[in-house]
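Coming up is one lone chain in structure tokens, specifically the form predicted alone.
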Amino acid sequence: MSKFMVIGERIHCISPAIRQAFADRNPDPILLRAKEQLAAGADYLDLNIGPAERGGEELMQWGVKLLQENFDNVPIALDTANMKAIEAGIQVYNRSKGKPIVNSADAGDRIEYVDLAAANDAMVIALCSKEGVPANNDERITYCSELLERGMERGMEPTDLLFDPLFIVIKGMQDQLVDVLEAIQMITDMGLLTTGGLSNVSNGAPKHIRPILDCSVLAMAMQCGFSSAIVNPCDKRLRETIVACDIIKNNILYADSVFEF
């Protein structure tokens, strides 16, 4: 078994502080969030520069070099709708600690992101969707199979694709969340890896309730074989849940000290 992989989500252009840091090429807020996430156990950092239609290539290269030069070639998920920016980031990426992750492809307009990952010996997050949220698990597995076939046709290993079943917002779509868990189990049974943005589950819920929902769904997803997640690793309750589930699943050895953070 493999330890659960944490992809830190906090270097994101939605944050006003990070958006301004990108605009000013100010390293300090970015390095601070990177340091906090790595100290909290992140395995990868997601570098989300947004659409980045202008200057995206230079910005992505700046961000990749900034993070890797300051944090011992930390592996990174390159997150933008600008394909040329992802290619530019890969050009300066040091893969000594892990392949870059292309974030993300789907079975519709973004299927070429699979091609981009394959051409650059990268991993890719593959959304099990074509247009919006899939209606049911038949659709999820159909899109999963299409993406897998596309990657393998281009020489990728199946484990280079991280399949995202798309977590449902529990506030309003409660009845569909069990389907997502079942999809994770189905994809796992196919010998494939999974990931997803866990915070989607609790969108719209009060701040004090969100960790309860996210951690509960995470524990249930890990029991279904969930391989990784794009999360805030600085959330102590979330981190405790991941470590506890990894111990219960025999992915890591138990020690009292693993909970001392």
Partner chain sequence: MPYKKTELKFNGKINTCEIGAGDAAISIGGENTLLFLGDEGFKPAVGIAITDSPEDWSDCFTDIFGDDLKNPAAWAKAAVEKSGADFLLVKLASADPNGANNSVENCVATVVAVEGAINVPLVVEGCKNAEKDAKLLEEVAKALEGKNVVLFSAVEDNYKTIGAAGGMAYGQKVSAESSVDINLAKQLNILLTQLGVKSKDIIMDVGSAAVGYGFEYVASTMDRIRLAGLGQNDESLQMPIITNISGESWGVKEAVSTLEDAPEWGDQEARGIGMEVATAAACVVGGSNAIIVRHPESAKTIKSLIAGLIG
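What you see is a predicted model, and the numbers here were worked out from it, not measured in a lab. Residue numbers count along the first chain shown, from 1.
The next section is about a form of this same protein that is not shown, the form predicted together with its partner chain.
Undergrad: Would residue 17 show up as a contact with its partner chain in the predicted complex if we use heavy atoms at 4.5 Å?
TA: Contact with its partner chain, no.
Undergrad: Does any part of residue 23 reach within 4.5 Å of its partner chain in the predicted complex? Heavy atoms only, please.
TA: Flag for residue 23 set to no.
Undergrad: If we define contact as a non-hydrogen atom of the residue within 4.5 angstroms of the partner, is residue 252 a contact of its partner chain in the predicted complex?
TA: Residue 252 belongs to the contact set for its partner chain.
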